[in-house]
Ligand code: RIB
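The chain that follows stands alone, in the form predicted on its own, written as structure tokens.
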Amino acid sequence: MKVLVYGSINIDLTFMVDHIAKAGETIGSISIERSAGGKGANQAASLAKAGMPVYLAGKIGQDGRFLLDLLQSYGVNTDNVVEYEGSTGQALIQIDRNKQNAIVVYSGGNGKITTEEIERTIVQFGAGDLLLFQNEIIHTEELMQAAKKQGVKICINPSPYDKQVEALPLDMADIFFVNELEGMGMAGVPADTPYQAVMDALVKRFPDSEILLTAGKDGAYYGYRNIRERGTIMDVPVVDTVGAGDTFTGYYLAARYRNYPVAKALDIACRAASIAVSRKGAMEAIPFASEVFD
């Protein structure tokens, strides 16, 4: 099985602050750091670090060439990343003293992907392969239709969750990865709904899809028809939560690729995410397979 990640590729600018800036407020930053990011790139890196054959497709400007060098060093195939005359996607990240974050994203190349580029890429994949994408690029419905035509399984991480997600033919998805807020939004339940009830609502809405729900310190949940499983996190000091969900996604898929049962795959993915949040950064914080697998 090959995994195609068609997704966002960003340059992250991270500011360490005392607290997240409020409307109209100007605050100082303790430090600033430029690094690789974007949910697509992060998930591709997680899959590659976990030992999966992974192919990344997307769009960058000349300012993003260093991102490709880094991704290739992890083993990501970037042949389907297109360079154009414009800016790479940018993410401005604030991280406060409690390790919580707020993120502002400029789409850059992520918003310049064409349907022709999608068609040219997707024909390289077929039955038995997997497409993973997020809600940080355009033409996602066309991407889903092209993948289904090729017999490729569809895995959606609907982040950020918005009306654009609900406009997609979501019943085509084979697998969903959602966090608490995304899961509650898609399930149409109140914010204080228990995770198991959220999962039940999601499974009822998408009876033919596997659902992975990440819940921070409460670990992760799995639902498919009448099957329910749960994974637990490791107790670690939290340094940076950016990229934790992307780490989980890559390692869960890699564990299943290695034929681990769902319950074990959940624990492996939670372990990888726990290691990631104990380190600074996003992509660079993702552990390698030797640190995670038994």
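The first residue of the sequence shown is number 1, and the count goes up from there. As the structure is a prediction and not an experimental result, all values here were calculated from the model.
The same protein also has a form predicted together with alpha-D-ribofuranose (RIB), omitted here; what follows describes it.
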property	result
Contact check for Ala91, Glu136 and Gly243 against alpha-D-ribofuranose (RIB) in the model of the complex, heavy atom at 4.5 Å	yes
Ala272: touches alpha-D-ribofuranose (RIB) in the model of the complex, heavy atom cutoff 4.5 angstroms	no
Proximity of Asn42 to alpha-D-ribofuranose (RIB) in the model of the complex, heavy atoms at 4.5 Å	yes
Heavy atom of Gly58 within 4.5 Å of alpha-D-ribofuranose (RIB) in the model of the complex	no
Heavy atom of Ala282 within 4.5 Å of alpha-D-ribofuranose (RIB) in the model of the complex	yes
Region of this chain that lies against alpha-D-ribofuranose (RIB) in the model of the complex, out of 34 to 42, 264 to 272, 230 to 238, 47 to 55 [heavy atom, 4.5 Å]	34 to 42
Residues from 1 to 31 in contact with alpha-D-ribofuranose (RIB) (non-hydrogen atom within 4.5 Å) in the model of the complex	Asn10, Asp12
